[in-house]
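Just the one chain here, laid out as structure tokens, in the form predicted on its own.
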């Protein structure tokens, strides 16, 4: 049985972070709860949905938390209800006290709640992730890797491995992230400042997207990997994700090394042109736009037999190689261009029926995207 008093808004920030892992619907009822553990060192909150788990820790030494621990112990409370109660407490400080019957008394000012709890021993044991193959990374770097690839993961559960981002470390220092849904691909890489043992894993893209919202104030995080789990850790947060099982497809051979046509655009101008061309095609049955490239001009076309058509001559920086006409899904192209941001973009083509690549024109780096064309009659 524990009793503790602390700052309610400070506690709420940790509670909301932990709540991101709590299951809304589950066959294991205890996973709708938050495990609260009060020790001599502070307060630990745990949430899990069996796919991801989050532990947050508020240290007794953290002055902003204003923790006063009277008695140690642990309890499980229904996550959403508990968070709603804490977010609506009237005073700066509040007290939690576990009673003999597993009820938790929550008081703040004149407000008093009694909430039914569950014995903490009923909570599943979280996976153990060893520290021997750990990587320390700037959170900005890893979230950039994710943002530049996650949009290309598959949303179809028929091939679960493609719903993940493939992360591999080669030569003890080159970290590469790849995502593909078999229609498009995005690959980015960076180099670590310290040598780490090589690895090859696939992590759910949906789970990785949560990183930036979980590690908000941290500059660096540690990454720990074992056979079936990956953990991201800072001083106060540990975020676990299950690894996806299966062999990720060999994607490096999909990216062409030789091209017959190359065009350089300003990325933002091409993006806006694709958006305009897709206005009509998205409303029709076929979401396809067409690009026609010659030495003298580049034109983009959108067509919907039910509605109408649009064509536009595009501004370009340079054109090199054979004339070409190619069709593609504009949604894939827009997502790819948004990932590059501003600057000059280089499109390289092999033929009208082969995938084409997008790369930065002014920088030689490992960021490359691949889009599969749409065959039209």
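Note that the structure is a prediction, hence the values are computed from the model and not measured. Numbering follows the first chain given and starts at 1.
There is another form of the same protein, the form predicted together with a further copy of the same chain; it is not shown, and what comes next is about it.
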- Let me know the one among 182, 220, 294, 88 whose heavy atoms come within 4.5 Å of a further copy of the same chain in the predicted complex, would you? 88
- Message: Please tell me which of 66, 322, 51, 312 lies within 4.5 Å of a further copy of the same chain in the predicted complex, judged by heavy atoms.
- Response: 312
- Query: Since the chain is shown here on its own, which stretch among 268-276, 182-190, 224-232, 164-172 would lie within 4.5 Å of a further copy of the same chain in the predicted complex, judged by heavy atoms?
  - Reply: 268-276
- Task: Tell me, yes or no, whether residue 260 is in contact with a further copy of the same chain in the predicted complex, where a contact means a heavy atom of each within 4.5 Å.
- Result: no
- Report whether the minimum heavy atom distance between residue 306 and a further copy of the same chain in the predicted complex is within 4.5 Å. yes
- Task: Decide whether residue 129 counts as a contact residue for a further copy of the same chain in the predicted complex under a heavy atom distance cut-off of 4.5 Å.
- Result: no
- Item | Contact test in the predicted complex: residue 115 vs a further copy of the same chain, heavy atoms, 4.5 Å | yes
